[in-house]
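Okay, so here's just one chain, in structure tokens, the form predicted alone.
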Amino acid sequence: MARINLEHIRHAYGEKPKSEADYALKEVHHEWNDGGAYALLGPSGCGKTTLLNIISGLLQPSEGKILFDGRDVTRLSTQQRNIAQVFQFPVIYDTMTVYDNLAFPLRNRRVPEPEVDRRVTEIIEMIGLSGWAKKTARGLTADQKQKISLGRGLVRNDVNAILFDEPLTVIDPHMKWILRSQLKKLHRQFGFTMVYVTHDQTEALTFADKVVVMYDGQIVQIGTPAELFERPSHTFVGYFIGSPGMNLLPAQIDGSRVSLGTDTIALDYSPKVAAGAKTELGIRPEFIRLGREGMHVRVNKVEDIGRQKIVRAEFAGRPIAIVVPEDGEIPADPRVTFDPSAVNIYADSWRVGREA
């Protein structure tokens, strides 16, 4: 496995980029730990696959360097980097059996046959294709073929990193959950460095130790699932992570006091906000208390989703979402209070505060 350093990486698909807007991938400068499990999370077009292909060697960056354990691999091929990559759609040999598809990368490296059999048997059981081992891959369904692709990525134990580019797209929801759990188990067991690209926050948060959130060609936050939920560094992270996402309200900051329309709340610190910055207060629906005391709110709709209710309301002229327990009361004259420890202040979309 390898420690991956991305040193001032930038990439533009056109020649001679003239401005920041010309870069599909804006500057990335991070170190990813040896043996870490990372997820690249973000919407389509945010630069996730571009960054993954730069790490794998399928794409050379316009600027910057990639280091594996301190060795510059920027100009090396995928094979020279010793990378395994699993793509969104299955890439397999239809005329080979399932067993031989999995054995191929090992035999190609002249691994002794007893070791080939041990590794293939272990992986083929993990992906649930033991009964198909001696059958050709041509007759398999799309999700079964993708399981083979996953297995081919996992069968080698000598790679520097395993990269996954939305590998579960064609797999049914129940099997997605099973395979994510098995990938986590393999990571704990063997310590592979894994990088997993997805636009699905559930996949990212359940797979990764650290989630790398990307937006508009840049990394806006790297953190644990708890850090992304509790302290989003950027308003996009607050909006994108969580269901419903974070409420964002225009705010005026005066020392430790925050004005929201005609209401004011007090913080126990004074955010440092530059003059003229667009300032917002972020509060997750889970940290708003609906009751008979506090600031006035108008309830528009209540969505009962089983174990809890989502209250859609209007506060300070803006729509907000509030999560209440399944048996939570909706008062006739509803009011809200915010958990002070869960309030985040943003200036020009970036979080400011004690730890920001």
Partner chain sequence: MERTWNNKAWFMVLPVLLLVAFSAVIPLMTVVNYSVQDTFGNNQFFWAGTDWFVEILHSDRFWEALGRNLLFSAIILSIEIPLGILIALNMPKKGLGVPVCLVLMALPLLIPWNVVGTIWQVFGRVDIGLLGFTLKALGFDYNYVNDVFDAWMTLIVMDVWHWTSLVVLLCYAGLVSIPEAYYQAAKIDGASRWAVFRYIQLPKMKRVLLIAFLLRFMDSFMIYTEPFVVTGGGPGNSTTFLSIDLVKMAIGQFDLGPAAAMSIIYFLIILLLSWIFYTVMTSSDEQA
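Numbering follows the first chain given and starts at 1. Since we're looking at a predicted model, the values are computed, not measured.
Absent from the display: the form predicted together with its partner chain. The rest refers to it.
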| query | finding |
| --- | --- |
| Whether 141, 176 and 187 all lie within 4.5 angstroms of its partner chain in the predicted bound form by heavy atom | no |
| Stretch in contact in the predicted bound form with its partner chain, which is absent here, among 245-253, 267-275, 125-133, 152-160 (heavy atoms within 4.5 Å) | 152-160 |
| Listed residue (308, 50, 62, 56) with a non-hydrogen atom within 4.5 angstroms of its partner chain in the predicted bound form | 56 |
| Proximity to its partner chain in the predicted bound form, single hit among 194, 98, 83, 211 (heavy atom within 4.5 Å) | 83 |
| Its partner chain contact at residue 225 in the predicted bound form, heavy atom, 4.5 Å | no |
| Touches its partner chain in the predicted bound form: residue 108 (any heavy atom, 4.5 Å) | yes |
| Contact flag, residue 79 vs its partner chain in the predicted bound form, heavy atom cut 4.5 Å | yes |
| In the predicted bound form, residue 92 touching its partner chain (heavy atom, 4.5 Å) | yes |
